[in-house]
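Heads up, the chain below is alone and in the form predicted on its own; it's given as structure tokens.
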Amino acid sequence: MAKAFRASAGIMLAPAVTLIGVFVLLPMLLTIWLSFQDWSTQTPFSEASFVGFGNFNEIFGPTSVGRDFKTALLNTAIYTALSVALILPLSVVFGLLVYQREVAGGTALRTVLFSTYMVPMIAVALVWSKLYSPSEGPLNQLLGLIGVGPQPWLSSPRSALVSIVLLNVWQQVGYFTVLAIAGLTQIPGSLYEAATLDGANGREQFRFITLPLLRRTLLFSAVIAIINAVQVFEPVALITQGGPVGSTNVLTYHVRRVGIERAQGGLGSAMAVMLMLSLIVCVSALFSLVNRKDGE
């Protein structure tokens, strides 16, 4: 019986495992292998030559290649940190608004929030590029009504990356609100009833009941938000092309420019590997921090 069950389970899992192996694991292993090679994307793999850690030395070196890579890595880190720092609190706030039964329009708010996530990022980027228009954009027109001058949303190195972050938050927050609502539904209502009888106000209930019991949900949301943020590509490619002055040149876009436009496949692969390692370290540190808090 057990053998038959294992056999049937293996048969059902085989297609999914095969697809994951072909489209995920194989490209990942190929990228790692290419990161140690001197290879041009305009030549076949057979012409790749082993250079060891030469590509990694170059992307961390003092040359223009190293400076551009480190700038792109820093921009990606800032973009990720700002996105997560805005998305998680907003998702909890919106989740509470939707989940509270006494708040009118909760179902409509849930629909509106989640609908933003259903819009493709390409369409979102094109629409927001019009919203950010210096002369005709609605955002600057609204600011003009209250006496604030036009803002250089995408044309200033100081505000361009933040403008892309706001775009991402608008598109992503609905999905994470749904996750927050799912976490809130797992908190027993009897805890709030007991806290109310003990004289705890709403702020105290949120601090000592809601937040601690949402920790695992917020951890999952943080991991997904980080993974989504480091993969940002469409807004940069469609709106800023890495400018102005490289202020929005995030790592995914930079890898494309180096690996495809400049045909430096080995260097591009080394950058992609560093992005993957940075993501693994960041997520592992996040899990370690949460587990330590749980242990305390």
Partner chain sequence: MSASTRSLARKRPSGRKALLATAMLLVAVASAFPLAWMVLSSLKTPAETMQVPPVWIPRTPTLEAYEKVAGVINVGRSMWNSLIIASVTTAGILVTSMMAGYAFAKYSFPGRSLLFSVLIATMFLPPIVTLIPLYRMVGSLGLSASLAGIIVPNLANAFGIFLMRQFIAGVPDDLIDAARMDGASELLILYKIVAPSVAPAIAALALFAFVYHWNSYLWPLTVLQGNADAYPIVISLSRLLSYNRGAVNTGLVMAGATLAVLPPLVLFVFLQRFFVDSIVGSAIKG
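Residue numbers count along the first chain shown, from 1. If you superpose the two forms and keep the largest set of C-alpha atoms that fall within 1.5 Å, you have the rigid core. These figures come from a predicted structure and were not determined experimentally.
The following text describes the form predicted in complex with the partner chain, which does not appear among the structures shown.
Heavy atom to heavy atom, is Ser8 within 4.5 Å of the partner chain in the predicted bound form?
Result yes; Ser8 sits at the interface with the partner chain in the predicted bound form.
Hey, in the predicted bound form, does Phe53 get a heavy atom within 4.5 angstroms of the partner chain?
Output for Phe53 is no: heavy atoms all beyond 4.5 Å of the partner chain.
Contact with the partner chain in the predicted bound form for Ile20, defined as at least one heavy atom pair within 4.5 Å: yes or no?
It does: once the partner chain is placed as it appears in the predicted bound form, Ile20 has a heavy atom within 4.5 Å of it.
Is Phe60 part of the interface with the partner chain in the predicted bound form - any heavy atom within 4.5 Å?
Phe60: no contact with the partner chain in the predicted bound form.
For a quick test of understanding: in the predicted bound form, does each of Ser115, Gln205 and Val230 have a heavy atom within 4.5 Å of the partner chain?
Spot residues vs the partner chain: full contact, yes.
Which one, Val162, Leu86, Val127, Ala77, lies within 4.5 Å of the partner chain in the predicted bound form by heavy atoms?
None of the others qualify; the residue that does is Val127.
If you apply a 4.5 angstroms heavy atom cut-off, which residues in 237-256 are near the partner chain in the predicted bound form?
Those in contact are Leu238, Thr252, Val255, Arg256.
Answer yes if the CA of Ala123 moves 2 Å or more between the shown form and the other one after aligning the rigid core, and no otherwise.
The answer is no; the displacement is under 2 Å.
Using a superposition on the rigid core, decide whether the Cα position of Leu211 changes by 2 angstroms or more between the shown form and the other one.
Leu211 C-alpha, core-superposed: shift of less than 2 Å.
After the core is matched up, is the C-alpha of Gly144 off by 2 Å or more between the shown form and the other one?
Yes, its C-alpha moves 2 Å or more.
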